[in-house]
Structure formats: C-alpha cells, structure tokens
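To begin, one chain is listed below as structure tokens, in the form predicted alone.
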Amino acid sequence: MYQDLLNKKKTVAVIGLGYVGLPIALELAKKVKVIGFDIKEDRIALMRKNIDPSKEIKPEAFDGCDIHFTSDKEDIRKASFYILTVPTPIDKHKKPDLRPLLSATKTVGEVLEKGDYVVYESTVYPGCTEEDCVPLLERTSGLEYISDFKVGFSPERINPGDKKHTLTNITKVTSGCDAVSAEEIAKIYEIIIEAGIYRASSIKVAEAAKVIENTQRDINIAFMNELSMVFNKMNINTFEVLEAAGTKWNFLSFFPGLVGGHCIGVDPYYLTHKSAMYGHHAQIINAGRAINDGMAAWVAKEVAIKLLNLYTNIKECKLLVLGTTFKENVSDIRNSKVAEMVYELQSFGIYVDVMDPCADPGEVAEEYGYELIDKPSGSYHGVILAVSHDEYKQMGEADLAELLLPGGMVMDLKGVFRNKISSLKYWSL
C-alpha cells in the first residue's frame, strides 16, 4: 500500500474535511493522490477556490496539491486508503453520539474493496473502532476483517489556532489491526510527519491514549476552576497565586476558565461511558466534568453579585462580552460555554451585547440565537473578557475605560488585563 501510494498507483481518500481532515488531506496531496470528501457541498465549493472554511489554513497551502474535492460518494470508489476524520460529539444526555462516525463508516463500507485500508482519526472510547466500526464495514462491504481489508487508528492531535504545534511537527501515534497493517500505516504517515511516529501496540491502546490526553487537561483545568471558586471567597487573585506557584520547577501550568469546544469538553464523556459499561464509576473524571460544565453558570452568578454591589438594580445594567468562540483566535463556536454564560446573565435580566472578530455572525445566530454586534452600542456597566483573541489582548486600560460607564467594572476571565489595570474596578477568576 505504501509503495503504491507513493507511486500514485493508488489513492488516499480523506473523509471529513474539517479542522482535522483538511490539513491531513493537503499535506498528503503534496506527496500522493488524494480525494477530499465532505458531505457539505458549500464547504467543498470553498475548498475548490483554495479557501479553508475553518479559516485555519492559508490559500497558498493548497498550491501544488494533487487533490480532488468532492461531495459525491461515488468519487471515493477510486481510493484504496481511507482516512476518517469526522466529528464525534455527545448527545443532550452527554452520551457518545456515534452517528457521524457510523454514517461515514457505512459510506466507506459501500465502496470498500479487497486489499483496502481504513484508518480512523476521530476521538472515540477504547474498543469503538473494532467493536462498532469494523462490524459495520464488514456488513456493508461483504468483506472479512483483516483477511480482506485492514483497519487502523491514528488519533488526531491538531490544536486549532496553534501556529506552533501543527500537523507535521507533532508526534503521530499510529496503530493497525495486525503487524503488516501497523507498519504500512506508520510508513504512510511518515510521508508527512516530520516529528516522527509512535507505533502503539494495538488499536485500543491508540484509542485510549487519545481520549486520556484531553481528559487529563479537563481534570487539571477543573482543579484550577475549583481553586478560583475557593480563592474568590478569600478575595485572592487566582492568577497571582498560580504565578507564584509556577516558580517551582515541577508545578504544572494550567489556568481557570470556560471549558468548551469539541475536544476537552466532550472526550471525557466517551471515557466515562465506556468505564460505566465495565461497572466502574469514574469519580475524578466525572467530578472534573461537573466543575467545568458548571463554570459558565458560576461566572454569571459572580458577575451578577459584582453588579449588585455596584448598582441597585442589575436589570438596568448593560454588559459587553468580548469573544464567543470556544477558544482564542479560532472561528469555531461549537460547544462554546460563553453562550451558556450569556444565557445565565440574561436570565438575571441583564442586557448583554456580544462581540467577536473571529466568529461568523450567521453561525452564532443560528446556533445560539443571539446577534453579534460590530461595534459597542454605547457605554457599559461591565465588560467581560471571555475569549482572549489577539485583538483583545492588545487592549489597554484606556481602551477599556472608553467602553465603560463611570464606576463600571472589567471582568477578566482570562487574566489578560491583570497587570494593565490601575484605576478601573477589576475582577478576574
């Protein structure tokens, strides 16, 4: 497979061209023939014009790539090596929602031929690939696992908005269903991964490695958020505490904040779901999730208390929220906890304006039901920095003062303005 792809006798198909799939497709297309498939024709139309719908990749990255973008399922029949990079969300009950993954699996199964490879990159619980996806591939294709087609798992590690840790310079974990496939898959990824390949001993190990990466971060951030709740009662600035503690060589660098998005706020539920199937209640993981899931409501309550201390009637107060995406310098609004905070603030009767230079106003209105404003609509009783986009990090005290009514407060969820504020009222996590 490796040699046939290099010689362009065979083709790679990347299924799902979001923030994970498109970078992989483009990097591979510099070396081998690639078919980029996505079910959304509007996204395909943009990519054909060298435009990344996620706004992560520059147009020149498309140059010189041997890639065919399509939303036609029949086109992927020409491929022999399939990489699936579709979302793995949770449902309203916080249970794994495998529908996108299984739908993509069925699509591949319908065109799968003897000798083909299927590699999954979507984050799942240990066992999902072989217990949920492989049987569907077998039923749909009529082929037999391992003897007729090979399967592997290579978890994605792309960090949206991160220009330093990119696809090619992050170590890639790979795995296969047998020794032959494990080596072939590793060699194929070595075509584009400069940082090197870590060959996991099995598909389950690779699946587990990925899901604990984000779960570990979730737990550590939950600890920071709990510290913020404690120190807030003591009138101690959490960021100052962390700065002091960080002078010790082995202190881990994590900070409090809203934990949303489609990874850290989602993946732990895949692990707790699977652990429950084995009769184990994951106490630490569930506790971390409870803290982080409740953080938006806690922040809104604290903001309301601050306003009550400043003004007699918070229903006459007007707030400006800076940022609504799930993290800084990205356009992705999925599972944004800022929206939850906005809803909570509105439930107190507070008027809330929201600005964001990165988010698409139409997507925000459709997903969360509120309109983004282009510029401030007057002066505010409080300004909340919710997402530390570069544009906001460059603001100084004078810029913030222009947004505030006399006596208004800066509410800094990211600690960005901590050393910039001297005369304005200020609160941070």
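Residue numbers run from 1 along the displayed sequence. Since the structure is predicted, the reported quantities are computational estimates derived from the model, not experimental observations.
From this point on, the text means the form predicted together with a small molecule, which you will not see here.
Among the candidate residues C263, C128, I203, L307, which is the single one with a non-hydrogen atom no more than 4.5 Å from the small molecule in the predicted bound form?
-> That would be C263.
Which one, P357, P100, G349, G294, lies within 4.5 Å of the small molecule in the predicted bound form by heavy atoms?
-> In short, P100.
Going by a heavy atom distance of 4.5 Å, is K40 a contact of the small molecule in the predicted bound form?
-> So K40 counts as contacting the small molecule.
4.5 Å heavy atom contact, L17 to the small molecule in the predicted bound form | Yes, L17 sits close enough to the small molecule in the predicted bound form that at least one of its heavy atoms falls within 4.5 Å.
May I ask you to state whether A222 is within 4.5 Å of the small molecule in the predicted bound form, using heavy atom distances?
-> Although the small molecule is absent here, A222 would stay clear of it in the predicted bound form, with no heavy atoms inside 4.5 Å.
May I ask you to state whether N335 is within 4.5 Å of the small molecule in the predicted bound form, using heavy atom distances?
-> No - in the predicted bound form, heavy atoms of N335 and the small molecule never come within 4.5 Å of each other.
Contact segment among 252-260, 277-285, 310-318, 117-125, judged by heavy atoms lying within 4.5 Å of the small molecule in the predicted bound form = Flagged stretch: 117-125.
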